[in-house]
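We begin with a single chain expressed as structure tokens, specifically the form predicted alone.
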């Protein structure tokens, strides 16, 4: 095997975020329309390496992925040891807008998965004018707690391994082993209590079911892509979002909750028509 570098470039961005100095790790590749990607709870931007390395995507899009504070290569803010990490809707929206502004992105396309797929609905509701288009992966308006999250952060268990065990069933049974285990490895490396803190948004604070009817996909094109094997953000939940907002929804065969990392090639096959539609300026139509 010949040694080679991937085209993605990683750098650290210093900025004030949520009123505190932060140092965020950011990777990007390609040129053209900015495509800002948001990772899932308890994981990090490595989930998008398939997109960063796909010339079909990067020839027209500048793919940008950042690790949220506390995640991946982004450290928590100074003094983190004196607080409990809990992600809220307000801070999550503010974080995305502040990162986008710091990177001087001009009406980017924003795409998020799971918690990212939920927060993009908040962006569609509160700030549609700031984005060229919005793509929700595994988007649902709410998720009722279906397991005891206290097991994710306690001294007598390895939180990363428990987290990976919990999400393992959300990977499609048809996913290649390499994609499945790389996805789970990201969870095994999650910081103490980080997945649990993200789930505060996912299961409690981020419920947007009561505001769906106020989202109008005509103000900002909204696309929803959901794997058929996702039992957390269900296909029924996604179709409900589409029905009430006018978004265009596609149910992706042979994919689960982590489409971009569990099977990048299959996922990109679904994503490319959406990106082309956005690039050409054709408006999303209702499902």
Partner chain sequence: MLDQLAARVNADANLVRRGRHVNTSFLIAIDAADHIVRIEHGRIVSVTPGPFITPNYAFALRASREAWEKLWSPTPIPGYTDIFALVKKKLLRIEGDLHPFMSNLLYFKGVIAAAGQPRKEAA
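Positions refer to the first chain, counted from 1. Predicted model only: the values in this text are computed from it and were never measured.
Separately, the form predicted in complex with the partner chain exists; it is not shown, and the next lines address it.
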| query | finding |
| --- | --- |
| Full three-residue contact with the partner chain in the predicted bound form, heavy atom 4.5 Å, for 157, 169 and 229 | yes |
| Answer option from 212, 103, 95, 143, heavy atom within 4.5 Å of the partner chain in the predicted bound form | 143 |
| In the predicted bound form, the residue from 162, 123, 217, 208 that sits within 4.5 Å of the partner chain by heavy atoms | 162 |
| The partner chain in the predicted bound form: contacting segment from 169-177, 191-199, 130-138, 75-83, heavy atom within 4.5 Å | 169-177 |
| 4.5 angstroms heavy atom contact with the partner chain in the predicted bound form for residue 31 | no |
| Partner contact for residue 234 in the predicted bound form: the partner chain, 4.5 angstroms, heavy atom | yes |
